[in-house]
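One chain is shown next in structure tokens, namely the form predicted on its own.
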């Protein structure tokens, strides 16, 4: 029996979790992603979360709201969140449709997202973001 490919992965790197979405998720799959990620934050005692959406060519209103909700749940569990990899076309469409990530930080890619979290986890910086 062959297993279907993973739709997302959640990996630990130090005190951070890196959650990568590998393909478009329907609403029920997004809810599974949310549940699994929030559970892992507690289990791994994560202080930061990077959500990589680089593989997505669409972020609809439900997905955008779910990402904001995940970030708020992570914050309530003691972890900062950064969303990385929003494609230029996706960013353009999100702005045109009035979709936003709210107070959730974004970064260009995984490396920059980890740097943003590193700055936050190190404590307040003088003149920082």
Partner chain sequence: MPAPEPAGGVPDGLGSPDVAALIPIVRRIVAARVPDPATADDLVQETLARVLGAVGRIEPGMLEPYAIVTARNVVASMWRDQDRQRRHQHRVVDLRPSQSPDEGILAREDRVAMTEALTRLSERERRTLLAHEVSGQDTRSLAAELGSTAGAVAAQLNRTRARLRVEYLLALERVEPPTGRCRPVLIAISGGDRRRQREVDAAHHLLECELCARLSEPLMGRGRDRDDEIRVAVRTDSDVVAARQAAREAAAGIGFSPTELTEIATAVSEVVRNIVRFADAGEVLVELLDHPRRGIRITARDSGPGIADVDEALRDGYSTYHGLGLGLPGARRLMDEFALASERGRGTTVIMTKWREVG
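Just so you know, these numbers come straight off a predicted model, no measurement behind them. Numbering follows the first chain given and starts at 1.
Omitted here: the form predicted together with the partner chain. The next part is about that form.
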{"property": "Non-hydrogen atom within 4.5 angstroms of the partner chain in the predicted complex for each of 25, 60 and 96", "result": "yes"}
{"property": "In the predicted complex, residue 90 touching the partner chain (heavy atom, 4.5 Å)", "result": "yes"}
{"property": "Residue 65: touches the partner chain in the predicted complex, heavy atom cutoff 4.5 angstroms", "result": "yes"}
